[in-house]
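This document starts with one chain, in the form predicted on its own, laid out as structure tokens.
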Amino acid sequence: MTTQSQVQGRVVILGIYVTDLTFRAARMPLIGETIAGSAFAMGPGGKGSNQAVAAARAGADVVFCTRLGNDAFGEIAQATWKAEGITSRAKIVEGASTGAAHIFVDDTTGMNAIIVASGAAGTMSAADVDEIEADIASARVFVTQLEQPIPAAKRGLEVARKHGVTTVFNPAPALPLDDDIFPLCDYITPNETEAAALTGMPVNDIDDARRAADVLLKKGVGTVIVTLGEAGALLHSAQQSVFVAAYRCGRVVETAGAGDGFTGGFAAALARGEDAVSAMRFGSALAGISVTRPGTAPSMPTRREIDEVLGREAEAAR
């Protein structure tokens, strides 16, 4: 239940920042092989930071908590958040590096493979969450993932629940979890792979996604949203089961960051008072735009762009 002290549109995100080092090529090299790439780019990334950028561009008042090293990549992070109007709660860890990610992008399909090294953010703990309790208490929505240590994510969900803040848990990357984390989740947003890992069930289509979602509901989750890549997304709860097809906004250039965009957009829409299905459509439209652009955080669209896509859909439905 929202309290009077919670700010309309505010989203607090706990997660990591990494600098993305993106290589484009026709295929992945084999072990021991060197191949020629077609392009290289460096830019801001990390699931939590990407979600923060997506939510901020979508109109949310965003606070982001993480840890950084005292280095050039950390400076890129702070400059990124300042430019996006994101309030930083980043602790600087001396002697540790800021995280980085190697991203391979297939030139033909836009599909990706990623290696993440969390760096300083990998040292986050429950104490980091306790330091931002006032920020969480003031928010409408709290978001976290699993690139930082699980105890920090769980503590964030606990603090949000304590203050009646809506919780959105993006269980990525897929890791083994104790069952006591699931009742802390108002919403959980796994993709097919993560849903399969959490439930031990194959998730290859919408029916599979519903069955996996039922398992997560039994574990105590309020509402499950399974993102199904180019197929779309399924929202499943005890009250409703709604599938939203993916938005086709142009040629797919790069899919890295699309899931982060969805979660950030979904959180932003919830924070301004939209219902869950409308928020899912908003997040899906955001993700549909993002895959037509290179990069992760840089690919995130503005609220105006998202509203234009949703407006065209509404007009076509008339």
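Sequential numbering from 1, following the sequence displayed. This structure is a prediction, so every number in the text was calculated from the model and none was measured.
We do not show the form predicted in complex with a small molecule, though everything after this point is about it.
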The small molecule contact in the predicted complex: V18, any heavy atom under 4.5 Å: yes
4.5 Å heavy atom contact, G45 and the small molecule in the predicted complex: yes
Non-hydrogen atom contact L217 with the small molecule in the predicted complex at 4.5 angstroms: no
is_contact(A101, the small molecule) in the predicted complex, heavy atom dist at most 4.5 Å: yes
In the predicted complex, the residue from L177, I114, L235, A90 that sits within 4.5 Å of the small molecule by heavy atoms: I114
Heavy atom within 4.5 Å of the small molecule in the predicted complex - residue from S290, T263, N50, T66: N50
Segment that reaches the small molecule in the predicted complex - one of 252 to 260, 66 to 74, 23 to 31, 53 to 61, heavy atoms within 4.5 Å: 252 to 260
